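Here we start with a single chain on its own, the form predicted on its own, put down as structure tokens.
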Amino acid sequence: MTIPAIRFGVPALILVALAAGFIALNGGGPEGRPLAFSLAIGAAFGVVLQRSRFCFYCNFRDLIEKREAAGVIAILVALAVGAIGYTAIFGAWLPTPAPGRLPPTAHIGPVSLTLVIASFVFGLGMAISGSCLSAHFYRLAEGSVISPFAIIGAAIGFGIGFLTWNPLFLAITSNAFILWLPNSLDYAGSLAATLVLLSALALAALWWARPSQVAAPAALTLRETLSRVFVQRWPAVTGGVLIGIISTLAYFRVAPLGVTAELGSIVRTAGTAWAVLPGTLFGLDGLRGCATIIKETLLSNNGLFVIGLIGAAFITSFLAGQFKPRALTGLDVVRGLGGGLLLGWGAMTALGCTVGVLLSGIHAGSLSGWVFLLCSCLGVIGALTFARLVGLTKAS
């Protein structure tokens, strides 16, 4: 993207639109301010995701196949920073984490065989489509030709997830248990256990990684500074710290981070209106996670969060010259729709994705977040192993 009028004009127009939306929503009084904040925090999330190339699947794959640890370290740093932030908030809102009490709205989900299967399937979907759902949103802004089909596939997967919800709930999920670590270990013990485990994972990743050659940094001129901010990939630790801070602020002001609630709500609303989905989904609305409620208003916090994410990613992508679409192939369509379907079914059945269950769940001290982390990684490893065994091209 070398035409200056496009490279700088498109970001300027999107920035004006986002700013106008924020001002209009913020001027709507108490009801509009959470919507304005959601748009702003979504934009911040999109900037950090795109600039730091923060993608759960890609970072994990880089560690496995290339033995590069930077991306996984960014994820672990984000988990640590958010866990500290959440603990500070919980301590103020719920001073005594007595058994049977949970902090408001935090994504502390049920743990059952359903979660194990759903997160494993989600991992398969990441490997097939080439990204997690949050990364597909920001890669739209980079001209990815797979991501639009992955999101369409995810919507179909959500629909199938609603259709399979009631049998799974009656057979398995209704007997699930919820484990919030502070109930057992208190806040200090829970946070210490989380940080120790994250540190152990970081040490393991660094042990596995190959040492990489680092070029000598260029002299810090104004041009170099602008390049580091707007063009070059942000350092892994910087991205991780910012993601952890954004997650904490989002929970403090509106709700835990998540990127699937709006997509699921649209599918559920349409499916219910067209009478293709069950009128009652047993227990779904009483569980913690990315809520897929039937829409009653056009604008929602999660919808504006995703709009801000995509819009801001467009801005940074164009400024960095990283909007580079390529010719679409049939394989792209198959990968996008097939992988997206698995992503959607897995996210609906697990009550969220790598952001809603893994990130927000571990921040909150929920066992469900750790189960999702483990099982989705196993899904990725299984898919990559199968691809190598049958000689398929690596997912990318």
Partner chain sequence: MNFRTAAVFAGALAIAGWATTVQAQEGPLVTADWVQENLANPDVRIFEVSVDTGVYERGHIPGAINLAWHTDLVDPIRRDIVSRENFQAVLQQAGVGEDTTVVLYGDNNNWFAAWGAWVFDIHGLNDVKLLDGGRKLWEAEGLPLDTATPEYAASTIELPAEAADLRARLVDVLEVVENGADVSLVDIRGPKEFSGEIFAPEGVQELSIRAGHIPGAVNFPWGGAVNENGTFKSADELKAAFAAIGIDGSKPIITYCRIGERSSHTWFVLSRILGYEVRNYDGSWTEYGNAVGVPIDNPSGTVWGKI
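The structure displayed is predicted, hence computed values, not measured ones. Numbering follows the first chain given and starts at 1.
Absent from the display: the form predicted together with the partner chain. The rest refers to it.
For the partner chain in the predicted complex, the listed stretch (160-168, 125-133, 202-210, 247-255) containing residues with heavy atoms inside 4.5 Å is 247-255. Within 4.5 Å of some heavy atom of the partner chain in the predicted complex lies at least one heavy atom of Arg101. Mapping the unseen interface onto this chain, Pro30 counts among the residues with a heavy atom inside 4.5 Å of the partner chain in the predicted complex.
Using a 4.5 angstroms threshold between heavy atoms, Leu94 counts as touching the partner chain in the predicted complex. When contacts are judged by a 4.5 Å heavy atom cut-off, Thr105 counts as touching the partner chain in the predicted complex.
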